[in-house]
Each structure stands twice: as structure tokens, then as C-alpha cells.
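In the block that follows, a single chain appears as C-alpha cells, in the form predicted on its own.
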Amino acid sequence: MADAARELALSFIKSVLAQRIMMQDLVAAASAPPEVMARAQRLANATLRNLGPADAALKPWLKKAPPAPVRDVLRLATVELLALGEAPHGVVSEAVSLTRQASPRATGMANAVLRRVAEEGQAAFDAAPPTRMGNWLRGRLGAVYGNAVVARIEAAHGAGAPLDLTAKGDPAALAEATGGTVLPTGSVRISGPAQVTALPGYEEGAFWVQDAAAALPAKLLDAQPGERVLDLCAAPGGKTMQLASAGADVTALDLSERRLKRVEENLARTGLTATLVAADVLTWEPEGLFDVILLDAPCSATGTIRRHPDLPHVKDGKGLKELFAMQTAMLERAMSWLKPGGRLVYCTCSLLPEEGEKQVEGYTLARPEAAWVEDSWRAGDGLRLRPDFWPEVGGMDGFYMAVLRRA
């Protein structure tokens, strides 16, 4: 009988590839002990991240394409063997058990193929190009950045993402306590496997999980103590906590009451405060104007694939025009809520210029001059971050961000 984590991982893989359900929705609907859930997510994400190399390693030993349920078992086992370095005997035995559930007649084939993969598949796995993004996204990015950059982005996706933390206090002290490294922008990066809740300082609220790139919009905004700040589309709350820890008077707005519950929990753990509002940016009316606003607009999330390898298998580019229009409308409304002379940071975790550079055309931008800004990030007076940046230390999510001022 297969172990619970592998079974759950396989169900995640099947649901992503066959039913196009996002991993976060699958995890939210699943019920399993924390350690099982964590391992299942790790296995599923590693498999989705390495579908191309796994198929390359399997191909020489398959006489014909197996049915999808069996193929998914073989892919999972291949990634365990060749990417995660698991012991062959246990992986093959568990894969045979999973195959028996999917197609009993295929167990002999699965056993034979995976033994050959374990013995001779590493070279093919290592030589294979990274898993390609879907054509709808690859074509768009190629037209903007060129094919060489797209290849580097795909390599960054294949490498995955380390764990980044934002310190409530001193990043150096947090790095020393957790065994991490302080990045040039102030985030703390944990390179190896880590259970977040077991890290020193978690219970005390000394940090929160936040990709290094995702931490930059709030740094760019540079909220000051006592300023009235509006954090739009705030969940899960990383930027809200950054703004609150700066001493600002923060209102955090999000459409989802469920996601705001996470913000509330994170604020409670870190001992920070903010006013939480469940509302739609496009219909909500504030009481008074704000000194500064952060708008992390809903977007295609195409900059986060290294963390969310399910995304290219679920999304197909439909609805982008409607998404672009919504971002435009949100930005127009948010700018109207600024006090004269106020500043707004617009950002999206997208690689598409239509969700970044093009959205801020026609506005007055303030060129970022912070010491942590690298010249290679500049895109006009905004910042364009890509997953292939910082390859020597583990990369970063793709983002666009800019500071807008109201006259």
C-alpha cells in the first residue's frame, strides 16, 4: 500500500494536469496531517517543475505512451529518483503500489521501467532542457525579452525557489538565528529544506514568509510612522506587516474575507496592527484620503512560476484582456484616494508588460533611488524584476513596481 504523502501528491498532480485546478485550491480542500501535507506538496511541486526532464528520462524505456494515470505515477517516481535522490528500492516499490491502483496490468511495466530509470536515467534527466512554459506565455515573453531570456527564465523555474523571510526587526539577527543569509535587499534567505513553523522566532512573530521580490514594493513605498496607508489587495498580508512594522496607520483591504482571516492571523502572531476591510476595490469608498497607497493588483502571477509550477498547466491565457482592464480601473480609483503630493506604489507579480509598464503610462513616476536598487532592474522610472536575476543565490520572483505621485 502506497504511503499517504505519495498518494496525496499523485492526486494533486492528476488534478492539476487533467482538471486544471490550482494547487492552492487543492491544498485548501485536502485533509491531512501537516507533515503529510507538506511532503505531498513538495513531491507534487517537484514533479510539475520537472515534467520535461522526467519524460526525457522515461522515453527510452517506454515502448508506447502509458495511460495518463500511469504516466503520472512514473513521472512522480522518476522525479523522486533523479531530482530528489530518494532510495530506488522504496521509490519503485511505492510506485508499483500506486500503479496497481491505477492500472493493475501495468505494474510489471512500471517496475521494469523505473528500475532502468534508476540505473541509467540520470544522464538523460540532467541533459534535458527545463520544462517549457505553455505557448500562450512563452510566445508573449519571447516577443518582449527574447528567446535567450525566456530560456533563462525557464531554467530558473526548474531550479525552484528557496525560502525567503522578512524580519520584523533586525535581519542580521534573524539570519543568525535561522542559519540564513541576508540578501542585499534585506530579506533573509534559507537555502535548504526548512519547516517554517519550527524555525526560531516563528512563535514569537519575529518574521513572516515573503519572497525577496515581493518584499520590495513596501520598501519602495517607504511608509513613515504615523502616515495613513492603504494596502489594496492585501492578503496574505506580507506587505501589510511591512507597513505596520514601519509604524504607519495601515488599512488593509481585500476582496476575500477568507484570505483576510490569514492576514488577521499573521498580524496576531507578529504583534502588529492594521484595520482590515473586506471589500471590492472597484466599489469601495474610503473615509478620507491617504498619504500613501500600495496597490498589488490582481494579475496573471506569471512571475511566480518557480514557486507555483502548477500555474502554466492550469492557465491558458484566457481572460487576460479583462484582467488588464481591471488593473487599469483599480489604479485610476486608487490614485483618486491619494492626498495631494501623496505617493502610490503600483506592482504586479507578472512578467507581462501589459500588467506593469503599460499600466503606469501617463502617470507621473518617481525614479527609485534606494541603495538596494540594482541598475539591471530599471525599466524607465520603474523596476522590472525577473526570475533569472540573482541566479547565483537562488533567483527571485518576477515583478514590476513603480512609484506614482499625485500632483
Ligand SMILES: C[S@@+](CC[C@H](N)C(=O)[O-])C[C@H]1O[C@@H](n2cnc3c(N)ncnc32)[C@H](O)[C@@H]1O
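Throughout, we count residues from 1 along the sequence that is shown. The structure displayed is predicted, hence computed values, not measured ones.
Although not depicted, the form predicted together with the named molecule is the subject of the following passage.
K.L.:
Between the options Ile190, Leu331, Leu255, Val91, which residue brings a heavy atom to within 4.5 Å of the named molecule in the predicted bound form?
P.N.:
Checking each option against the named molecule in the predicted bound form, the one that comes within 4.5 Å is Leu255.
K.L.:
In the predicted bound form, which of the listed residues (Ala235, Val79, Ala213, Val117) lies with a heavy atom within 4.5 Å of the named molecule?
P.N.:
Only one option qualifies, and that one is Ala235.
K.L.:
Could you tell me if Asp296 has a non-hydrogen atom within 4.5 Å of the named molecule in the predicted bound form?
P.N.:
It does: once the named molecule is placed as it appears in the predicted bound form, Asp296 has a heavy atom within 4.5 Å of it.
K.L.:
With a 4.5 Å heavy atom cut-off, would you call Met133 a contact of the named molecule in the predicted bound form?
P.N.:
Flag for Met133 set to no.
K.L.:
Answer with yes or no whether Ala155 is in contact with the named molecule in the predicted bound form, where contact means some heavy atom within 4.5 Å.
P.N.:
Close contact is absent here: in the predicted bound form, Ala155 is far from the named molecule, nothing within 4.5 Å, heavy atoms only.
K.L.:
Is there a heavy atom of Arg269 no more than 4.5 Å from a heavy atom of the named molecule in the predicted bound form?
P.N.:
So Arg269 does not count as contacting the named molecule.
K.L.:
If contact means any heavy atom within 4.5 Å, which of 172-180, 226-234, 70-78, 332-340 contacts the named molecule in the predicted bound form?
P.N.:
One stretch meets the cut-off, namely 226-234.
K.L.:
Kindly confirm or deny that Lys14, Asp25 and Arg49 each have some heavy atom within 4.5 angstroms of the named molecule in the predicted bound form.
P.N.:
No: no residue has a heavy atom within 4.5 Å of the partner.
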